[in-house]
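As structure tokens, one chain now follows by itself in the form predicted alone.
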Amino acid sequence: MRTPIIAGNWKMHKTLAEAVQLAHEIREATADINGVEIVLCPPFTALGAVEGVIAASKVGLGAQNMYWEEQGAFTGEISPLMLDGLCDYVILGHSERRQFFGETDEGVNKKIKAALSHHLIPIVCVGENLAQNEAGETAAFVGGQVKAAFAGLSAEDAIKVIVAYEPIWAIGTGKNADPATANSIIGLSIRGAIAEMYNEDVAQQVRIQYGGSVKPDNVEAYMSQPDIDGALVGGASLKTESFVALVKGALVKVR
């Protein structure tokens, strides 16, 4: 059985003090929850401090991005070498990175390979925009993103990757994909693409999250779907009560 994973992407929110407080509250509130992988992804400025708060707890730590080179004249970038040993996960290819900072499928693929070579678990984001969704292009577009992301990865590395299906039109909009529809896209377009590249056994081992306006009142509907293994959460991860509710909602996978 694939272990469900709830990851909070704090994006460009929280001062150092606020990040420490939130991490502390989440650590305490989830101490007795078993069977769900929990990950916090604060801004780079708070990674070290949050790591200190959640060390020796069940809560994992992730970065929101990284560059593929280990070092060099890349002002403002963070390398996998810098994250290795500090955190265990890294979000790659988020739609906001693609939209606002020009990230490409090729660059995301380089980052995935760099992350894996430095003991980091990539959480790789894929998803279509509203125009593509309405034009019936979701399956082809998302499947293409998946194949580009996994290009050149061995089967052994592929099963380490976590994929987050985040329809762009649902991120931060209050709109969310119907759970059954999201499950179908994940099963056919994402798991299906991985099966084409490797085999069905590999595809069934890869964990795939849904993201896009996931909230306490709809999380169980998503987690009840057979191909959805968790959630990558934005806004609802910024408050202890709502994030913990999402973690508890994922327990439907292990009951």
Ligand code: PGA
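As the structure is a prediction and not an experimental result, all values here were calculated from the model. Quick note: we count residues from 1 along the sequence shown, nothing fancier.
Note that the form predicted together with the ligand isn't included here; everything after this is about it.
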item: Location of the ligand contact in the predicted bound form, chosen stretch of 134-142, 77-85, 90-98, 108-116 [non-hydrogen atom, 4.5 Å]; value: 90-98
item: Contact label in the predicted bound form: residue 170 to the ligand, heavy atom within 4.5 Å; value: yes
item: 4.5 angstroms heavy atom contact with the ligand in the predicted bound form for residue 14; value: no
item: Close approach of residue 233 to the ligand in the predicted bound form, 4.5 Å, heavy atom; value: yes
item: 4.5 Å heavy atom contact, residue 128 to the ligand in the predicted bound form; value: no
